[in-house]
Structures are given as C-alpha cells and as structure tokens.
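Below: one protein chain in two forms, given as structure tokens, structure 1 then structure 2.
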Structure 1
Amino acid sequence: MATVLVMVLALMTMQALMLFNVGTTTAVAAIQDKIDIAVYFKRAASEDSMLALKKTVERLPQVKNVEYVSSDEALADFKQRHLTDLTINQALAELNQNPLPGSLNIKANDPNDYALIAAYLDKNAPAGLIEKVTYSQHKNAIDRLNKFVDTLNRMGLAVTLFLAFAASLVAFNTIRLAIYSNRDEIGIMRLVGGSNMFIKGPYLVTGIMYGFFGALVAIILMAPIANIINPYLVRLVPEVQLETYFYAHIFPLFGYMMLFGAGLGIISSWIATRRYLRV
C-alpha cells in the first residue's frame, strides 16, 4: 500500500512535469508569436529604401518573416483603433500631414536572436533611415520567461528523480520483506525443484503491478486536478488548454507513466530477488 502510494507520488510529479512542459511550450510559443522587433523609420525615409531594407532583413537566416507597415497603413490602423476618440480624431484632422512613420515588424525564429538582428540593423542599415528599434523589453521578458520555465523544468525533473528513487527503494524494501516472510515457502520450492523463474516470477510481477497501479491511480487523480486548475490557466494564457490536452493524451500519458512505474518496479524487484533469492 505504502509502495503504491510512493509510486503514485513519483508518477504524479512526472505527470505534472509532462503536462507542465506541454503547457509552457504552448504558452511560450504563444507569447513568442506575439512579439517581434519593430523598426520605426524616419519620417523622411522613402518607401523604396524601406522596402529595400525589408528585402535585406528577410534574407537573414534568423528571421522568420518581416511585415512592412507603410505610414499610410499605420495611420489607417491608428484611426481604426481610435474611431470613437474625438480628441484624437480632431488632433489628426488638424495635422495636415501623417505623423506616423513607416515600420517593419520582424519575427525571428528564435527569441534569442532578436539582439543579433537588432545589432545587424544598427550596423548595416543605411544611415539616416531608422528612427528607432524596439525589442529590448520583449527580449528581457522572454529571457525571464525562458529562465523561469527552465528552472521549473529542472526542479520538476529533480523532484521526479528523487521520488522515483524513493519509490524504487520502497518497492525494493517491500519485495525484500515479502521474500523474507515467504522464505520457508521459497526454500521448499527450491527443494522440490521450482525453477528460477517460477520462484522469482511472482516478485517481478509484483514489481510491475506497483508501476501499473501507481500509473492508474496517478491518472485518476490527475483528472479532477486538471479540471480544477484549467480555468486559472486559461485566464493566464488562453492558448493553454490543459484539460483538453489531458483528455486528448490520456493514453500516452498513462502509457509513459506505466512504463516508467513498471520499469522502476521491475528494476527494484529484480535487484531484490538477485540479492535475496539465490537459487
């Protein structure tokens, strides 16, 4: 019983780690998708020179795509967003010239490359073309998010390994005790010619069963947990649908946990029978 309990704990953390990984990968991807570098051109920059820069930047291997927003489009977009704001509309009407610059929105394949791209623009863009490049806030935010995810992953892995080790020890000890309390029977089995597998088999099966039941309990426990925390997660990052993912992948999840649990169980029982069940 205690053996299954510790096994469940180990498998639960493993499961949480797997789900957490899916969640953070989705969340990071979603956030990364929203960010980019914006290059704002000087008012005086010609459309040709802006498009020429777009072409150059597009050829960089780190760049995923580049979107050119002309100063007219920027204005239209701006107006669209402030349709109801009378003061802004009035102010715009009083200006006889479009105050918004043209810009490039650059998306990189890897968020770590934004610094590189920014440096490239700094060095290679024709002088007097670029007003400013905004990326640094994004980069910091992404760096921090990545670090946070990394740390949590590592902690989760450490806890999983630790609990897996604990589960193995407990399983090992349980099987050792079972062998000890059955020693008379085992001795007689040997005397009447029980084969190695006949004597050891039940203990190995027991080890596998710990893994199987551990995985079963872990998956059953996870269902309500996913149900409870899902709304909070969705509020945090709308793209992360923990519950949907959980039910969509319930069999692979169960399979991995069972393999892992049964693996732990059979290794523990194998060592225990090797040490305490010499035939």
Structure 2
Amino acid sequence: MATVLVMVLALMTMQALMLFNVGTTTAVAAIQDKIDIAVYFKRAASEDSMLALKKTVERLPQVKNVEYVSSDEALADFKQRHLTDLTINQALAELNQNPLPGSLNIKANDPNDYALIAAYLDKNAPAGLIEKVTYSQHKNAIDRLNKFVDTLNRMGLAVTLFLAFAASLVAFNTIRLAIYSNRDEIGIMRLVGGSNMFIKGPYLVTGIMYGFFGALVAIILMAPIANIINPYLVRLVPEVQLETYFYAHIFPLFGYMMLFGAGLGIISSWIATRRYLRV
C-alpha cells in the first residue's frame, strides 16, 4: 500500500509538471503573440515608400509577420474604439486632416529578435521616413515570465525526481521483504533448477503492477483537480484550456504515467532481486 501511495505521488507530480508545461507554453505563446514593434511613419511619407520598407522588413529572417496600417485605416480604427467619447469625436471633426500616420506592426519569430529588428530599422530605413520605432510594453513582462516558468520547471523536475526516487526505494524495500519472507520457496526453486528469470519474474510483475495501479489512481485523482483549476487559469489566460487538454490527451497521459510507473517498478524490482537474491 505504501509503495502504491508513493508511486501515485510521484506520478501525479510528473503529470502535473507535464500539464504545467503545456499551460505555461500556451500562456507564453499567447503573450508573445501580443508583442510587436510599431513603426510610425512621418506624415509626409508616401505610401509607396512605406510599402517598400514593409517588403524589405518581411525578408528579414527574424520577422514572422508585418502588417501595414494606412493612415485612413488607423483613423477608422481609432474612431471605432472611441465611439462613445464625444470629446474625441468633436476634436476629430474640427480637424481639417487626418492626424494619424501610417504604421507597420512587426512580429518576430522570437522575442529576443526585436532588438535586432529595431537596430536594422535604425540603420537601414531611408532618412526622413520613420517618425519613431517603439517596442511593445509586454517585452519586459515576457522576459520575467520566461524566467519564472524556467524556475518552476526546474523545481517541478526536482520534486518529480525526488518522489520517483522515494517510490523506487519503497518498492525496493517492499519487494526485498517479500523475497526474504519467501526465501525457503526460492531456495527450493533453485534446487530444482529454476532459472534466474523464472525466480525474478513474479517480482518484476509485482513492480509492473505497482506502476500500473499507481498510474490509474494518479490519472483518476488528476481529473477533478484539472476541473477545479481550469476556471481560474482561464481568467488569467483565456488561451489556456487545461481541462480540455487533459481530457483530449487522457489516454496518452495515462500511457506515459503507466510506462513511467512500470519502469520504476521494474528497476526497483530488478535491483532488489539482483542484490538480495544473488541469483
């Protein structure tokens, strides 16, 4: 019983770590998708020169996507976002021209590439074309998030390894006691010519069963936990659907848990039989 309990704890920790990795990867990807470089052009810049710069930037290997927003599109979007603000609408109505410039929204393949893209624009953009280049304010947040995720991943891995070691140790001692209590039967089997694998077989099967039942209990216990946690995660990051991912991948997760648990059981059983039976 103690062996199965520790095995369940080890497998649940491993399972939680896998789900955590999925959630954090999704969250980081969602935040990264909101990061961009905004390139604002001067009012006097022609549309041809802006589109020419767009094509040049698109050819950079660090660039994932470039969106051109014309002056008219920027004004229409601004009005749409401030439909209920009478003061802003009146101010726009009194202007004789569109006050908003054209712009490029540039997304990189990796957040670390934005510095390279900004440096390229600073050195290679035609003089008198760009008013300013800005980074999204999310960049510092994504850097902190990446460090936080890396730290939690290392902690989760350490806990998983510790519990896996504890499960192996308990299984090892349990099987060693079983071997000791059956030492007379084992001696008889050896006298009648029982092979090493014949003697070890039942204990290896016992280790596999510990892993199987541990995986089964771990997956059953994780289901309500995923249901409880999911609403809170969705509030923080709508893209993270932990409950949906869990049920969509429940059989692969169970397979991984069973393989991991069976592996722990086999290793601990093999060591116990090899060390204490001397067969």
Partner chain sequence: MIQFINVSKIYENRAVGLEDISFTIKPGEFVSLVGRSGAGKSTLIKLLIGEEKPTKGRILFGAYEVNKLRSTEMSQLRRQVGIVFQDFRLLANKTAFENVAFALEVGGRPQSEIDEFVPQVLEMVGLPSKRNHFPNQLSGGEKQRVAIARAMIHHPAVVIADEPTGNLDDINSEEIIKLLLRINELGTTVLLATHNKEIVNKLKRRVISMVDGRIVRDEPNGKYIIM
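In this text, rigid core is short for the largest set of C-alphas that superpose within 1.5 Å between two forms. Bear in mind that the values here come from a model prediction, so they are computed numbers and not experimental data. Residue numbering: structure 1 sequence, from 1.
Novice: Sort out for me whether 1 or 2 is the form predicted on its own.
Specialist: Number 2 is right.
Novice: Taking the rigid core as the frame, does residue 105 move its C-alpha by 2 Å or more between structures 1 and 2?
Specialist: No, residue 105 moves less than 2 Å.
Novice: Residue 192: how big is its Cα shift between structures 1 and 2, in Å, with the core superposed?
Specialist: Here residue 192 registers a C-alpha shift of 3.3 Å.
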